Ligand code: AMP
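This document opens with one chain alone, in structure tokens, the form predicted alone.
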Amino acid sequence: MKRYLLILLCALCLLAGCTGKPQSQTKELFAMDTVMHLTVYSQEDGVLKQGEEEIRRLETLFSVTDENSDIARLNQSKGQWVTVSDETARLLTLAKEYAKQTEGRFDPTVYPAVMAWGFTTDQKRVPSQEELDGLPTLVDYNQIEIKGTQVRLPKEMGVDLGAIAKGYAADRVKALYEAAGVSGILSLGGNVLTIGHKPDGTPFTVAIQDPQNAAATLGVLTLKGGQAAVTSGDYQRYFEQNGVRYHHILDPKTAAPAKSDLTSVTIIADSAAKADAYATALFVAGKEQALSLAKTLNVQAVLVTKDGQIHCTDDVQFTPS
């Protein structure tokens, strides 16, 4: 669930006139409810298609809206065991691990709350107080039982992998492209992942959007080959009711939009799935706890508070605008 927040600054060079050198190839697609861009440096045709096919395949497994997906079948199982693919079982196991590491600030079982607020539908709404009081009891990652490819959830609970699925997909596409021996950069709805460096050996750079001005940037991140940068913020998906703004990043403990003093969190890590989940968790945590949590989780972070201040963890290669 998140993000469209990183703007590619790399201006990937077209090398069509350079015989023997890899050319920049870019593919735009819409998947997992977001616009994605895949860019590789390669002389081989069909490389981009491999990445798109992998994303489409994973979407059929993880979608909450496709009634035939593994996750939709799990959510409709009414407490019964469900057989899922190896890949789905692997991602659910990883999601539980990240939930534990973040002390539940990221929780894949937040689906009942997401549905109550209407964030996966066109009918967003504020739940009644009675609904809100009952929702937190339906959010608990410890209740996901996994035995091989058999998965079970208690009745009325549900899973939403929106805060990790795009990152996981980016990691899988990266693995395919590395096996093909190509470098490049992926942007899956704001989940940015680098594959090696540009052909001239220089690193890729991305910019962090200014939460207060979509046309402006706060600064530029320089990423090492293979690093991911994922941003989670409260300014892209939200709705207003009676003059109050409600964003989509829910606090699992309250099942309501997180009351955070942050407006944007960018995580830099060696895995896009990890960065995806941690970005949500640090946003929910708020600035002070987020800085400490980033150190515990051994990731770099750029935090933007609601008053516009920027806070970076150590070793972040960030140049303010």
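Start at 1 and count along the sequence shown; that's the residue number. Everything quoted here is computed from the prediction, not taken from an experiment.
The same protein has a further form, the form predicted together with adenosine monophosphate (AMP), not shown here; the description that follows concerns it.
- For the chain shown alone, residue 280 is a contact residue for adenosine monophosphate (AMP) in the predicted bound form, at least one non-hydrogen atom being within 4.5 angstroms.
- Proximity of residue 250 to adenosine monophosphate (AMP) in the predicted bound form: non-hydrogen atoms within 4.5 Å are present.
- Heavy atoms of residue 162 reach within 4.5 Å of adenosine monophosphate (AMP) in the predicted bound form, making it an interface residue.
- In the predicted bound form, none of the heavy atoms of residue 75 sits within 4.5 Å of a heavy atom of adenosine monophosphate (AMP).
- Note that among 102 to 110, 238 to 246, 126 to 134, 77 to 85, the stretch whose heavy atoms approach adenosine monophosphate (AMP) to within 4.5 Å in the predicted bound form is 102 to 110.
- Screening 114, 223, 94, 144 for any heavy atom within 4.5 Å of adenosine monophosphate (AMP) in the predicted bound form leaves a single hit, 114.
- Residue 284 is the only one of 36, 58, 268, 284 with a heavy atom lying within 4.5 Å of adenosine monophosphate (AMP) in the predicted bound form.
- Residue 232 is the only member of 198 to 233 with a non-hydrogen atom no more than 4.5 angstroms from adenosine monophosphate (AMP) in the predicted bound form.
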